[in-house]
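First, one chain by itself in structure tokens, the form predicted on its own.
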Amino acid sequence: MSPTLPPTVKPLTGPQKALRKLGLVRPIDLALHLPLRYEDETRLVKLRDLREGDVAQVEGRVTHAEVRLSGHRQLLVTLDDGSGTCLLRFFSFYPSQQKSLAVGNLIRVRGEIRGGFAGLTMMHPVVKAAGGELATALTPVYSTVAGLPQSYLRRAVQAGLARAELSDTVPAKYLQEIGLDPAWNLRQSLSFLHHPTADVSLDTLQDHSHPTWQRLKAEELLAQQVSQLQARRARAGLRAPVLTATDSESLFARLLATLPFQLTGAQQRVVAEINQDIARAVPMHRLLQGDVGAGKTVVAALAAAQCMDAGWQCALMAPTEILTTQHFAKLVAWLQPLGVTVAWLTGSHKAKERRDMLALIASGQAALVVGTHALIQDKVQFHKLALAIIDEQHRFGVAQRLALREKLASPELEPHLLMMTATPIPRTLAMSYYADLDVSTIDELPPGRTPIVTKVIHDARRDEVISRISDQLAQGRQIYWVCPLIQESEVLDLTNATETHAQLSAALPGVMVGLLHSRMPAAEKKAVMNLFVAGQMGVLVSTTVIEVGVDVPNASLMVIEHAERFGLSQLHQLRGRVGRGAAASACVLLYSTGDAPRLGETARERLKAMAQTNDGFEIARRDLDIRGPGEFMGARQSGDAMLRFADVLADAPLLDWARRTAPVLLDQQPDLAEQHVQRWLGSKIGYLNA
């Protein structure tokens, strides 16, 4: 008996691979791949009625055609529709096209009208034979990738639309609450948006205000809210280690008693919220947000102490080696005198040092482990991990956060998760992207911090800034000078860190000027930072590797070169490296307009916001206004947009409706709610659990 052969699997064609690249796998994926814009092929327009910039369809006779060889080889065709003439210009063409464009032929062309010496012109218009039937609906134009032509994509979308299961999953009574006509069901809405009738207002399609767009945005927001509510409820059914510290001799109590400062009221409140969470058998899933310098590290240390009191391990993961170094130094200073072994793990450790650290972690001797993403590598085995703390959580992808959570040895238990960020989350985003999290906020800075004065100065006044540096150095202060690049770029004419280091070294004789950038070996970076922290180095020229974690109270001036190139959140993070002591501190934003007469609108708004406020929450709000939710969120750091159609700012009323409706739908019609989430989110549901 011959063996049964597996069925032959046909290899994917180029366009099929391209569809997968776009994430268009299921019929519903194709149905929800909505047009970027539309072309109007439903009518013919006379040339006399057209103006430069119009996109139109014209029918007429070819009166002249020639291939011109001077300069670029091109095909020039004159079209006459009886009301005027238009020059058609082709730089790429085939013999068959020449034949279809021969003098005397009646043709139909579509393209953008341009002006010029030759009168009306179309560059590479779409050409068809005249006389065919006009389209009955607007022609969709979709976002695509190389190897996926519009014609193939249109057919694929149409097929997906026909095959997709599009029964309504949102009861009509809920939609009527926000003024949506249930007659526009999901299938009709999608069909209309893929092929809108010619009489529809293009403006309502482009600005997404048409009722069909409102329907889709409402459904998408509802799917997001339901999925996050499901994630929150699912965690409530999981079990986590119970971490308590009630003894007056506990590590938590001893750490609190030996800290060289008093906690602020906000820190005390947040510590209580976290302690209450991890003392329960339900996994904590909390976001700790606080402005730069608000004191999040000590809150994390106290949470770790409560974890260790209960006999479990804690891991703290941070995005850069410099930040882990800072955390490690602080935590060792606080905890080592109390008998705690703190391990430190980064990708740059030598083999023996790494083996020793791995052994400490695996045995449980290291009760607290601080590290970069090296913590989530396969060889890292924890003895009893119960609390995972992720600092600057927006720097890590979902997969990295999930990998750390999976390090808990017991399959029956989940670790508690505390995520920290110095980029405050605006309320609107907290209601949408972070609706599944509990949020703690440190909204108070420690006493003794002086406000930072921020000045926006044109690069032409660079010498004045260097003079200011000399004054600060004479007072025994230290200075950061931040550059955006470490090598010359052919695209961006930016002064690099190496050149700036040389310039400042020459301008400040007798002053130690250091250089720090991401390409330096770890040992060299550490040596440079140690000199600066010890006060031996007067000026540190650096790229943005010092953005977070560096704490030098004596540094009182920050100069950010080409500040117009940085994002608002990044500028605020950088500025937070000064103002950490009692001395008056300043941040100078040096900007350049290059060849342009003035700064662009976005850059100007960013620098204006920095000059006007030191409040991280206000900075975050303005950053959201400038960049929009998708960019601000980094799509919850997954690489995929969690919301494709809705905008949590512009569609705030729909978001409020979705938040109200989600628990009702989930409680009263759970099967419908699950079907709704699967339709809209599919594989992205897991992102909400990280």
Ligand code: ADP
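Fair warning: this is a prediction, and the values are worked out from it, not measured in the lab. Sequential numbering from 1, following the sequence displayed.
As for the form predicted together with ligand ADP, it is not shown, yet the points below apply to it.
Remark: Asp551 counts among the residues lining ligand ADP in the model of the complex, judged by a heavy atom distance of 4.5 Å or less. The shortest heavy atom separation between Phe261 and ligand ADP in the model of the complex is within 4.5 Å. In the model of the complex, at least one heavy atom of Arg580 sits within 4.5 Å of a heavy atom of ligand ADP. In the model of the complex, ligand ADP lies farther than 4.5 Å from every heavy atom of Phe566. Each of Gln267, Val292 and Lys296 places at least one heavy atom within 4.5 Å of ligand ADP in the model of the complex. Screening Gly84, Pro446, Pro182, Gly147 for any heavy atom within 4.5 Å of ligand ADP in the model of the complex leaves a single hit, Pro446.
The partner is absent here, but in the model of the complex a heavy atom of Trp334, alone among Trp344, Phe532, Trp213, Trp334, sits within 4.5 Å of ligand ADP.
Picking from 326 to 334, 367 to 375, 603 to 611, 380 to 388 the stretch near ligand ADP in the model of the complex, with a 4.5 Å limit on heavy atoms, gives 326 to 334.
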